[in-house]
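Next up: just one chain, as structure tokens, the form predicted alone.
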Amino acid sequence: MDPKLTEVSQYFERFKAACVREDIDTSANLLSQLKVLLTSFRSLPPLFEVTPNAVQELTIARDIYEHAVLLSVKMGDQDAFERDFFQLKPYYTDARKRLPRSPQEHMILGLNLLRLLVQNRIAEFHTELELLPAESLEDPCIKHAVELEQSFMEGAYNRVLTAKQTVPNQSYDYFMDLLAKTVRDEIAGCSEKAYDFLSINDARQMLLFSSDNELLKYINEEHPEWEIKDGSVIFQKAKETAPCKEIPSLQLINQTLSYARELERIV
């Protein structure tokens, strides 16, 4: 085996071992070294030069970037996830004819769709979806993300929260927790505008918590401006502290009349 490929393989084994024992610092350090070593392989994107070890080099590089994506999930680093995913993506697209499909491909593509959904990047979500081949859309990992997006757009928030119980892979939990927080924040924002107060029981059901303690913890951490009193959650304090923007009605009327006069001159 080529000495450079041997060195990369040895570092990769150490990297995988560090990931298994969840030694994040060691994993991140080894990953940085691996990325530097990969730069010596001219068979990798964007060059794709035909070399004697091209298939082995492409395969191990793809495996490294797949592990990098999963490491970023463990670290809770969405920026690192995006960087590593974009480095990985050419191995799923441009190198498709050079390599057999990775068993991790659909799982990681589904993770990326989930990330875009969490970040409310819906246009990019649909762009990525349209780039997938038809057979990929039937994979459980892709279908899970698609069904989540449909539920989110329909406002079926209960389906979004219960979807965590049916995740196709444990690595999805991180983004599902973020999505659950996004959903609850959306419900909370609507609730404090629609109601002056709610009973604790109604608020718990509205925010889709399974216990009063979970509700109270959420309020303490996310909405300390809400008041708990006599078995109710009172939103009035939040409304009083919210800034009110004055609408410049006279200015708007003058502008509208000015536009009308200009239109009359044009006609």
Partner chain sequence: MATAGTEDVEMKELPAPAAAPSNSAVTSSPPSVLQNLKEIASLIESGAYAREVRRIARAIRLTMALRRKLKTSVVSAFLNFVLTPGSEPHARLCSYLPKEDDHEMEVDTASSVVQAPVKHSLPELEIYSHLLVLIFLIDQKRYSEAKACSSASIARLKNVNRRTVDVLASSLYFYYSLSYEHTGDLAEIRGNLLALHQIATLRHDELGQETLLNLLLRNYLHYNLYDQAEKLRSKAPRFEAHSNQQASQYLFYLGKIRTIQLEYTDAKESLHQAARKAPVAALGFRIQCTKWAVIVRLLLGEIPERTVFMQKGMEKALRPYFELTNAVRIGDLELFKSVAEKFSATFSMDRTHNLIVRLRHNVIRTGLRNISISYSRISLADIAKKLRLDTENPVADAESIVSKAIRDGAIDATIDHKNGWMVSKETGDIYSTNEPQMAFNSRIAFCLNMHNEAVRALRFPPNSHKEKESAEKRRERQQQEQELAKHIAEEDDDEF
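Numbering follows the first chain given and starts at 1. None of the values given here were measured: they were computed from a predicted structure. Superpose the two forms; the largest set of C-alphas matching within 1.5 Å is the rigid core.
Quick note: we don't show the form predicted together with its partner chain, though the next part is all about it.
Contact annotation for the candidate site: 56, 69 and 172 all lie away from its partner chain in the model of the complex (no heavy atom within 4.5 Å). Put simply, of 83, 164, 126, 98 only one has a heavy atom within 4.5 Å of its partner chain in the model of the complex, and it is 126.
Contact with its partner chain in the model of the complex, defined as a heavy atom within 4.5 Å, holds for exactly one of 105, 77, 177, 186, namely 186. In the model of the complex, its partner chain stays beyond 4.5 Å of every heavy atom belonging to residue 135. Taking the partner from elsewhere, residue 198 is found to have a heavy atom lying within 4.5 Å of its partner chain in the model of the complex. Its partner chain in the model of the complex is approached by residue 152, whose closest heavy atom lies within 4.5 angstroms of it. Using a 4.5 Å cutoff between non-hydrogen atoms, residue 252 counts as a contact of its partner chain in the model of the complex. The stretch from 198-206, 214-222, 33-41, 56-64 that comes within 4.5 Å of its partner chain in the model of the complex, counting heavy atoms only, is 198-206. Superposition of the core reveals a Cα shift of less than 2 Å for residue 20 between this form and the one not shown. Relative to the superposed rigid core, residue 258 undergoes a CA displacement of at least 2 Å between this form and the one not shown. Relative to the superposed core, residue 223 shifts its CA atom by 2 Å or more between this form and the one not shown. Note: the CA-CA distance for residue 196 and residue 156 contracts in the model of the complex relative to this form, by 3 angstroms or more. In the model of the complex, the Cα atoms of residue 223 and residue 74 sit 3 Å or more farther from each other than they do here.
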